[in-house]
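What follows is one chain in structure tokens, specifically the form predicted on its own.
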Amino acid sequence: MSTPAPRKQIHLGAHFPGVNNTTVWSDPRSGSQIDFASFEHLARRAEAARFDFFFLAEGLRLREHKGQLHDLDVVGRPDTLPVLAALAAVTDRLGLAGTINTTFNEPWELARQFATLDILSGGRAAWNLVTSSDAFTGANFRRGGFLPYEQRYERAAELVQVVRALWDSWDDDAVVAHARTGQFVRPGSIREVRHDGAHFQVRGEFTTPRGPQGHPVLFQAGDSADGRDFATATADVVFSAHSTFEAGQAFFADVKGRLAAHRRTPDQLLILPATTVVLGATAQEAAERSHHIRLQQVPGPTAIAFLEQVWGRDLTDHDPEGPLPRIDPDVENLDITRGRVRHVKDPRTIAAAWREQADANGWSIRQLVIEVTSRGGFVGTPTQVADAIDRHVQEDASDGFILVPHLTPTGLDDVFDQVVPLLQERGSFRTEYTGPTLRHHLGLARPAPRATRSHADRALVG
């Protein structure tokens, strides 16, 4: 009799979203997205449940709709890296992942910031790489919206190349600190970095020793063809939006299939979709709770504002509980909403498809928006949700999930208490951490310093 294959291990991250259109700040149970106690609560609970990492998203400019801030879609939160550094002091094993933009930042600064976080946390740092070609967001930065859309991944790839060269410019054993000989750094163990590229020119020695992980773990969240190619060439983890089973399997096969072109194997890149979980004592109770949450997330004004970004028109004279507009979108009015992701397809085609869906199902504007903005998620009893999460991982629809709560900071407490123990019982999720670093948790090898000319005190890196 053949021995059954060991169960694939599930990887889980806890997402702290701040205030946006997934969180419900108006719920009486909702806490602050600013107070450190909120960050600490989610991080401590995630670590007690043996999650792989804590994850922070990023907003670089407050989003505007018709020249005003929409009060249910405002990203407001303290800066990512100081929050993660503070969490390093109140956690021991939990990975600490932060989203930092590759378009508006410089490689030397990013390399030092994440190397520092990796050292201070004992090897738990991760960087989620995101790109932007949005001039509205870029106006907050020195270079503004200078970057053409097609160059966003070009700059990101070069930035990562330079950052890795900086991380690799110190040998692991560079610091010897021999009091007797007075030698602090081993000769030849720190090399000069010289880089001349289309976007960056860098010269000099890096100031920060190599961290416990060698390189902090790199996440990447792009879903376009360019984004998938960038991820397979560069990332350790893909933060995906494909949380349904069939879409997840297709994305999983496509991205893992691209790795061979970069001389990488499937186990060197993890795919972790963002998803939500709603629990109930019965499947019906969970479905009712999920519907109530979606109504909270999409009140009438939000439904109208969402439709306006596609129609390019003021639709405040429409009833959100009434039918969709019969007037066609104004395709020239592209600035009605700024700072958010817009539909890239033809608005007229989208409007026609949505009218057809609404007419066929009897949906109002609000019901339509709830349906088209839903991205799947797990809804059911704890056992049903544990079964579904486990199936996704065992049948290659994902390597795990990044769980996004609708309440800050307690929105995942039920998952920690009711779902995680079931996954542990079936042997699909750890009961204890087996190593000190995030790379240990994720099963990723520690990269060795890339070979350079080490016979001289100064040598070319990159």
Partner chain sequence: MARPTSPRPLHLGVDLSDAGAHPAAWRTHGSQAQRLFDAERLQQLVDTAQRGTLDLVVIDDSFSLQPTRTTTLRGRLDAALVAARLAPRSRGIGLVPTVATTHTEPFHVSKAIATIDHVSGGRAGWQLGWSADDDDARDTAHFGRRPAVSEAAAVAEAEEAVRAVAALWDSWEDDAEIRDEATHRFVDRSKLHYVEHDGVHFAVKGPSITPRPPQGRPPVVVRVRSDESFGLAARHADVVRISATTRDEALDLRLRLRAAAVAAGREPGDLRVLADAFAVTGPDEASARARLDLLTELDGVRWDTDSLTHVGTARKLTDTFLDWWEIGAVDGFVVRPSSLHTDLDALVDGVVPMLRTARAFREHYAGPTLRDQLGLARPANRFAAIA
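Owing to the predicted nature of the structure, the values given are computational and were not obtained by experimental measurement. Numbering follows the first chain given and starts at 1.
Beyond the structure shown, there is the form predicted together with the partner chain, which is absent from this document and is the topic of what follows.
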Is residue 425 near the partner chain? Define near as a heavy atom within 4.5 Å, in the model of the complex. no
Exercise: residue 120 in contact with the partner chain in the model of the complex, heavy atom 4.5 Å: yes
Is residue 149 part of the interface with the partner chain in the model of the complex - any heavy atom within 4.5 Å? no
Hey, in the model of the complex, does residue 170 get a heavy atom within 4.5 angstroms of the partner chain? yes
Answer with one of 283, 250, 177, 353: the residue that has a non-hydrogen atom within 4.5 Å of the partner chain in the model of the complex. 177
Heavy atom within 4.5 Å of the partner chain in the model of the complex: which of 361, 140, 383, 316 fits that? Just give me the one. 140
Determine which one of 30-38, 416-424, 391-399, 431-439 lies within 4.5 Å of the partner chain in the model of the complex, judging by heavy atom distances; exactly one does. 30-38
Relative to the partner chain in the model of the complex, which residues of 283-322 have a heavy atom no more than 4.5 Å away? 299, 301
